[in-house]
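Only one chain is given next, in structure tokens, and it is the form predicted on its own.
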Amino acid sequence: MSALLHHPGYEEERLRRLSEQLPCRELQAGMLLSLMGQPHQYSYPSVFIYGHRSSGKSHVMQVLLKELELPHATVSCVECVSVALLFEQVLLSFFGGDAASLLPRSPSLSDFVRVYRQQCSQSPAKQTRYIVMEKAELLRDADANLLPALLRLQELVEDNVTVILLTEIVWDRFRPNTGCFEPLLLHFPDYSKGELQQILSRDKHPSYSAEFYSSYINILLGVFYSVCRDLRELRHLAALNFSKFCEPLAEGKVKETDTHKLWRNMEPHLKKAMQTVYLREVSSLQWEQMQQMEEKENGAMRGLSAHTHVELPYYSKFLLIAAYLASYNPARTDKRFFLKHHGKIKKTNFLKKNEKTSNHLLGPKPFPLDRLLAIFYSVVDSRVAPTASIFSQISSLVTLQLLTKVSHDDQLDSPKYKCAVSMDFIRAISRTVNFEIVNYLYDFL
């Protein structure tokens, strides 16, 4: 594999160390080295690297730049919420704090180019400078001239600089309608099952043999590979569940070679772990505590879903509580429950003649988004601004199938939802935030 990283501009020993740090990505690293050329040579102005999450894009770039000691600036488009921060970070990485201080308070692209050229004339590049833009898809929301300028920055600043864009989407969704300089495209494919096995097996436990840990990874991938191919998530799951896999071995019940017995002991545990894939609010300690609680709980609690013990973000809990109240309370009762000065209203005054059946027996009813938010702001115990975070948490609850979206996708103005959790589940969630939900349910008046 290391033969793929032969390059006349670098020492063999350094390339060998590179190969060891880039398992299953030697081909992509070799292509990047070919594109970059020797350190003193001019490189291509811009390179566009795309691939799914956890396909090794950022890791390969950072290892190459650090091991080869190439001048570079790594910019996260998530952290740089304005172009001023982006320009400042690039100048700071290449020329130091004095250069970054030359930018005006709200710099334009012309200001950045002017300062860069001024600094470049004082300290010209002896090697190619690289600007790595992580999460580059966010550049599409920036000023219309920023992306085209970055793609041909080498020409604008008259310096040996290359811009590398790292993203999860294809170039066709980047290309501006007005046209721009076309970068070189490099695709990072997903890791295959064999490659994931090879990479994850490198994290072997020091107390056990490499063959034993490799057999554990093989079992883990047999369960999770069909639903999750994210290397970071699989590595988290491997570390989370290994102690359970080793329990029979530590107790002396089986040997390392008894893979079948170890698998039979591990299978129900892995099936429970399937419920928390990507739900990273659950830490390793919380997962172990959850398993201990399930083993000790009495018969009455065994009927509850394992999701009952899953920890949600604070405001997501209140959003779920508000959704449950909106699903099972008639809309006309909101004034009684959530308005402080509603006066005295008797239940018989707003009870329809034909309303004799419990709302919990009829099932959840759909409700609009504005009603959900109105109840949420009434029940939450602190003032919360209607930020994008609140709306993203609603989307997360839909993704986790705790809420169900019942309106069509084209109804953007008034989406409707249903709450998809049980009474036991919502009572367990309510107890974690000291909210007595029964006092706010119409059926229990």
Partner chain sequence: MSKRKITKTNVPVGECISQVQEMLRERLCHQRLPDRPEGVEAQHKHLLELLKRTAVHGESNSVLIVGPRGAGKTMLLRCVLRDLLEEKEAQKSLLQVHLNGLLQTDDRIALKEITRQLHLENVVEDKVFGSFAENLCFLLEALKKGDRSSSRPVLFVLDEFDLFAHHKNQTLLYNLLDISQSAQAPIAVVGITCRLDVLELLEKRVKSRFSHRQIHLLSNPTFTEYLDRVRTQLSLPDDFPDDKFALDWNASIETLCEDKSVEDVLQRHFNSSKDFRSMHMLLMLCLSRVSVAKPAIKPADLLEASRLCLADANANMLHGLSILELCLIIAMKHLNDVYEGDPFNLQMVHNEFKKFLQRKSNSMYNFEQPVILKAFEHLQQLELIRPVDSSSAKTQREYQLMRLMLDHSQIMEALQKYPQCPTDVKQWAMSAFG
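Superpose the two forms; the largest set of C-alphas matching within 1.5 Å is the rigid core. Positions refer to the first chain, counted from 1. Source: prediction; values computed, not measured.
Separately, the form predicted in complex with its partner chain exists; it is not shown, and the next lines address it.
- This chain appears without its partner; in the model of the complex, the one residue of I199, A149, L103, C120 with a heavy atom within 4.5 Å of its partner chain is A149.
- This chain is drawn without its partner chain; in the model of the complex, the residue among L92, I169, A210, A374 with a heavy atom within 4.5 Å of it is I169.
- Residue heavy atoms within 4.5 Å of its partner chain in the model of the complex occur in exactly one stretch of 95-103, 69-77, 315-323, 174-182, and that stretch is 174-182.
- In the model of the complex, H187 approaches its partner chain with a heavy atom inside 4.5 Å.
- Contact check for S392: every heavy atom lies farther than 4.5 Å from its partner chain in the model of the complex.
- Taking the partner from the other structure, its partner chain in the model of the complex has no heavy atom within 4.5 Å of any heavy atom of Q28.
- Mapping the unseen interface onto this chain, Q154 counts among the residues with a heavy atom inside 4.5 Å of its partner chain in the model of the complex.
- Applying a 4.5 Å heavy atom cutoff to its partner chain in the model of the complex picks out no residue from 76-98.
- After superposition on the rigid core, displacement of the C-alpha of L70 between this form and the one not shown stays below 2 Å.
- Annotation: Cα of V398 displaced by at least 2 Å between this form and the one not shown, core superposition.
- Once the cores line up, the CA of V47 ends up less than 2 angstroms apart between this form and the one not shown.
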